[in-house]
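This document opens with one chain alone, in structure tokens, the form predicted alone.
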């Protein structure tokens, strides 16, 4: 039989080993947690990576009436990126939350049914991030409640999207393409067949919001309705019940259209014969 002192010694050694394992495990878990919490951008092949966008800011230097005057369909863009802040504001203008009890958004919706879903196709090196670098290219889906985007596909899809849009070159040249999709059932289950009309109205509201925000940011945008629906749907990775209605290229315009109050006044007086 082993002596009491030997047994005590063995228990002491086991206790030290156990404490060491616990300590090592704690240190290891700390480093693993630190690695997992590090904010890094995904590689182009990473899917379902979510980004929290910069919070919306009411800081445009352009008044609404000026943005209305400068709104134009612009199809020629410079080969320079747009900022992540601008990208954030464009998506917020499309479907951002503006009321916090019922979740009302930047555009009206029949019965608050909100049938629209927003995707963004981002080109390589096309959305710049403060501090350096770019948002990875790919197709992203917008979440209005958290003001975030989730990557659906991780590659530059602009060429494929342009081909699906009857080879309209501005789709390929744009820094981003915002794609508005409709889930008709959200509205038709309340309003029946007339709900389709309400969905199209809402899509128009969103298009104008994006136009005005682009003008306020001195960007160029154009709404496109000529494309092959199923191809666009597959390219962006939309769900089965999401049907594309708009493709909206956005970029830094080669020529920004602008008039001022005096230009408008002179035109109206001339039309009056004065």
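Please read these numbers as outputs of a predicted model, since none were measured by experiment. Residue numbers count along the first chain shown, from 1.
Below: the form predicted in complex with a small molecule, not depicted.
- Checking 122-130, 99-107, 72-80, 191-199 against the small molecule in the predicted bound form, the stretch whose residues place heavy atoms within 4.5 Å of it is 72-80.
- Though the partner is left out of this view, residue 170 does reach within 4.5 Å of the small molecule in the predicted bound form, counting heavy atoms only.
- In the predicted bound form, the small molecule stays beyond 4.5 Å of every heavy atom belonging to residue 62.
- Mapping the unseen interface onto this chain, residue 223 counts among the residues with a heavy atom inside 4.5 Å of the small molecule in the predicted bound form.
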